[in-house]
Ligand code: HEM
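Quick heads-up: it's one chain on its own, the form predicted on its own, in structure tokens.
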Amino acid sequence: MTRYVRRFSRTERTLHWANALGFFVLLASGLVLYLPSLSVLVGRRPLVKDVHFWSGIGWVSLLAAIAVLGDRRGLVRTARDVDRFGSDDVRFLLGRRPAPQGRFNAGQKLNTVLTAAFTLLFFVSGMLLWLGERDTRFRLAGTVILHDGLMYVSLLLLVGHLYLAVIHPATRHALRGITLGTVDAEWAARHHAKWTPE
């Protein structure tokens, strides 16, 4: 009989899925604005711009609300887990064995840090673009390049994340953790040997 251990709290899972939902809405509306063929197909550019802007505001507001109203102590523990980067993490990224990992492996830590940084950069650059359309003092050189560049890098990270979460046989078991909160205890022991579940 399979034994499961808790890996992610309800707050962590809610934060993950709120981030995913917001990102997909922003990606879809952003691509309509960015790609001329989609822009022509959809039309209503001013409406799509409004959807994109207000979705961005809603995305960041929702993430902040979950962080404030959810299990703050648990999120601080998670931040500490992600922040600890040791020699085993370096070996893991270099593909060397043995490289036992904690609750998050080095790739997950890197993805979490990049996601948080990109969220902030998307928000700041998006606000500058929006304000720049209303007041030329906010038109800064490179803002469009930053916003578009973040989109390209985020797309690459998303493809890699989805591949590991849904397709790759060794890691797709982790998907249960972010949906239901628990993972197979044997899988956890193999892939996260330094982690001691509660």
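These numbers come from a predicted model, not from an experiment. Note that residue numbering follows the sequence shown and begins at 1.
Although not depicted, the form predicted in complex with the ligand is the subject of the following passage.
Next on the checklist: For the ligand, considered in the predicted complex: do all three of 66, 81 and 185 come within 4.5 Å of it, counting heavy atoms only?
Outcome noted: The answer is no: none of the three residues contacts the partner (heavy atom, 4.5 Å cut-off).
Checklist entry - Does any heavy atom of residue 146 come within 4.5 Å of a heavy atom of the ligand in the predicted complex? => result Contact with the ligand, no.
Checklist entry - Is residue 138 close enough to the ligand in the predicted complex to count, meaning some heavy atom within 4.5 Å? => result The answer is no: residue 138 has no heavy atom within 4.5 Å of the ligand.
Next on the checklist: Test of understanding: in the predicted complex, would residue 19 fall inside 4.5 Å of the ligand by heavy atoms?
Outcome noted: Residue 19: contacts the ligand in the predicted complex.
Next on the checklist: Test of understanding: in the predicted complex, would residue 127 fall inside 4.5 Å of the ligand by heavy atoms?
Outcome noted: Flag for residue 127 set to yes.
Checklist entry - Can you tell me which residues in 152-173 come within 4.5 angstroms of the ligand in the predicted complex, by heavy atoms? => result Residues within 4.5 Å: 158, 161, 162, 165, 166.
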